[in-house]
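Take a look at this one chain, the form predicted on its own, written out in structure tokens.
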């Protein structure tokens, strides 16, 4: 098996009497978009800062593309790109000056490929204070990619962006992944995680509560799938549980059930429609969302 891009073993980080990260284990594959989710104070940012070499762990081992963040910081800065949640540049600094500065720090020339690829050519002569939130995010992403890193860390990259800016940044993250870069994404946006991430880990109180693909994490919860059906002549009667399915209600001609065994319920409903010589106008199957699963885990922890 290929060596993982990021390996975390038994990571512990304390701040005085408080334990921010409590012995987590994670492996992130090369070329993977991995989401780190959790409520505020769950330990996400602390975990990222330990990987970036910004904080010293109290216990455990870390490896980022063959580097120990504590011992190999000079090598790591060439292999790891970082876009911090609250990163900023001096207000009067021009975009081209910022790119030239970071390129020089990495011993590289200017990166016209990144400038054109991320559509910031028209921003080069603007001062940082003149940029919108979306433009700033795009510039910071370019700065994080200047050294052609193997791993890119994004901490809440779309916070504060409008719908268009979010969609554009998502496309840019997909483009980065297509080039083989491993992306470690910390986000509070469940829809963003579902859309972008190959796998996710949900952290609660410094520990990994669950890890897997978004579909695996969602399927492991207690939530039921929503099945809604509307027929031409309304032959299906409201009410009545069917197997493990629980009837929820009748809304605008739709009958709705919640169930675990979707195939059994849908087969039964379609059979009844056929027997009644009716026709299905609309059938909707909506599995529990990642947000619902997230809330289930967080609320379950709060109830302990």
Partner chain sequence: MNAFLTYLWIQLKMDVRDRAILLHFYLVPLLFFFVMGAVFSSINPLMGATLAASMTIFSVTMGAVMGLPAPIVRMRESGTLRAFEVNGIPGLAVLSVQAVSAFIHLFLVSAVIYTTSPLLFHSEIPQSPGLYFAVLAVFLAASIGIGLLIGVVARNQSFATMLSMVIFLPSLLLSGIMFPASMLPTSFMWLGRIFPATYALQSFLGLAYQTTTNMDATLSLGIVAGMGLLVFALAIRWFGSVRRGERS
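Residue numbers count along the first chain shown, from 1. These figures come from a predicted structure and were not determined experimentally.
What comes next is about the form predicted in complex with the partner chain, which does not appear here.
**Q** Select from the listed residues 121, 179, 164, 87 the one whose heavy atoms reach within 4.5 Å of the partner chain in the predicted bound form.
**A** It is 87 that has a heavy atom within 4.5 Å of the partner.
**Q** Just to be sure I understand the contacts: of 97, 156, 194, 150, which is the one whose heavy atoms reach within 4.5 angstroms of the partner chain in the predicted bound form?
**A** Filtering the options by heavy-atom distance leaves 97.
**Q** Please name which of the stretches 7-15, 289-297, 21-29, 276-284 has residues with heavy atoms lying within 4.5 Å of the partner chain in the predicted bound form.
**A** Result of the contact check: 7-15.
**Q** Would you confirm whether the three residues 56, 102 and 144 all fall within 4.5 Å of the partner chain in the predicted bound form, going by non-hydrogen atoms?
**A** Looking in the predicted bound form, the three residues 56, 102 and 144 all sit within 4.5 Å of the partner chain (heavy atoms).
**Q** Would you classify residue 92 as touching the partner chain in the predicted bound form, given a 4.5 Å non-hydrogen atom cut-off?
**A** Yes, residue 92 sits close enough to the partner chain in the predicted bound form that at least one of its heavy atoms falls within 4.5 Å.
**Q** Please tell me whether any heavy atom belonging to residue 127 falls inside 4.5 Å of a heavy atom of the partner chain, as the geometry stands in the predicted bound form.
**A** Residue 127: yes, in contact with the partner chain in the predicted bound form.
**Q** Taking the partner chain as it sits in the predicted bound form, is residue 77 near enough to touch it, meaning that at least one heavy atom pair lies within 4.5 angstroms?
**A** Within the cut-off, so yes.
**Q** Looking at the partner-bound form in the predicted bound form, is residue 203 within 4.5 Å of the partner chain by any heavy atom?
**A** Answer no; every heavy atom of residue 203 is more than 4.5 Å from the partner chain in the predicted bound form.
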